[in-house]
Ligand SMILES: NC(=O)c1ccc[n+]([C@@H]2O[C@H](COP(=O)([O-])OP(=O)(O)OC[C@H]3O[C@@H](n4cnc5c(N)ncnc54)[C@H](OP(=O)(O)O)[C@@H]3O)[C@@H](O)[C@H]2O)c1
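Single chain ahead, written as structure tokens, the form predicted on its own.
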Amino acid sequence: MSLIGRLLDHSVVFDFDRTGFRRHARAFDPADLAVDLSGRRALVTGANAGLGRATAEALLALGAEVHLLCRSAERGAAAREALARAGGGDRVHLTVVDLGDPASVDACVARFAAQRVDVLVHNAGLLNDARVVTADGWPQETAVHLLGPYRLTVGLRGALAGGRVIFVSSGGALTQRLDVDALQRTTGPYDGVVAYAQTKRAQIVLAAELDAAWPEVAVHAMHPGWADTGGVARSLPRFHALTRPLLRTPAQGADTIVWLAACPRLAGARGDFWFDRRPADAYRLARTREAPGERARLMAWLGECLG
């Protein structure tokens, strides 16, 4: 990479934006996605819009059977119908699941546990203006980004043997340090952006821990850069208004998700943290490296929550 390219990558703005994607895409190998995924089954959470829908669309185009895992039956059905008409046909399916509700997650596990699952994409996300606590007493972003995905992944471990799990994190995670206490906090001052980023940092750590513990499943984490999605427009309206000309398309944001799901060169490869099809530094800022023992605390707490 040229000196200018390295400087632009360190700028963040011109790394995470669409110009960064276009610059990085010059090094992509077209053969990586010249594949036929016929007979492969992929589950994508939050697949009715944004990055999830772009991921589902791309996997369908490669021939995969894709299951949209959506909280809203109405929005999920509309997405399924649109994707079916666009060429997905009878290879696109809908399962309604609320990742913030353990019973709903368990029902989803029961549906797929006896089948082979080749790819599981944890994309569903939310960013709240005010604190929301679930019926089980957890911050909603923690439940949806961490507890639900962990429960779903553990429940499908047998079905995922030989497959790939992908956690869609965020560039915002790179500003935060793993803090297990903060993930559980339901009182006191609240900043939705920080809470979101803290759970996204936890996803990166969880992916690495699962990948190390499960030799039969490759577990990756990635971040998509800054993409122009409805979620960003709703949750960060000022950021969206200021940066919209620079934002990536949903397809550009989803590119590395699809690559991790489909690239044959990654068969047997262990998990990592990825950005634009390259391993990325999850600790750009030294202060974000977790304290000794914090990873173990995270996994112990998740195990307790799993029951």
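Quick note: we count residues from 1 along the sequence shown, nothing fancier. Since this is a predicted model, take the numbers as computed values, not measurements.
Only in words, not in the display: the form predicted in complex with the named molecule, which the text now covers.
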* Listed residue that, although the named molecule is not shown, lies within 4.5 Å of it in the predicted bound form (heavy atoms), from A159, A84, L126, V109 -> L126
* Structure fact -> Only hit among A218, L99, A195, L120 for heavy atom within 4.5 Å of the named molecule in the predicted bound form is L99
* Is R131 close to the named molecule in the predicted bound form, meaning a heavy atom pair under 4.5 Å apart or at it? -> no
* To do: Could you confirm whether R91 comes within 4.5 Å of the named molecule in the predicted bound form, counting heavy atoms only?
  => no
* Hey, in the predicted bound form, is R151 touching the named molecule, heavy atoms inside 4.5 Å? -> no
* Can you check whether L51 is within 4.5 Å of the named molecule in the predicted bound form, heavy atom basis? -> yes
* Asked: If contact means any heavy atom within 4.5 Å, which of 223 to 231, 181 to 189, 109 to 117, 207 to 215 contacts the named molecule in the predicted bound form?
  -> 223 to 231
* At a 4.5 angstroms cut-off on non-hydrogen atoms, which residues of 68 to 82 are near the named molecule in the predicted bound form? List them in order. => R71, S72, R75
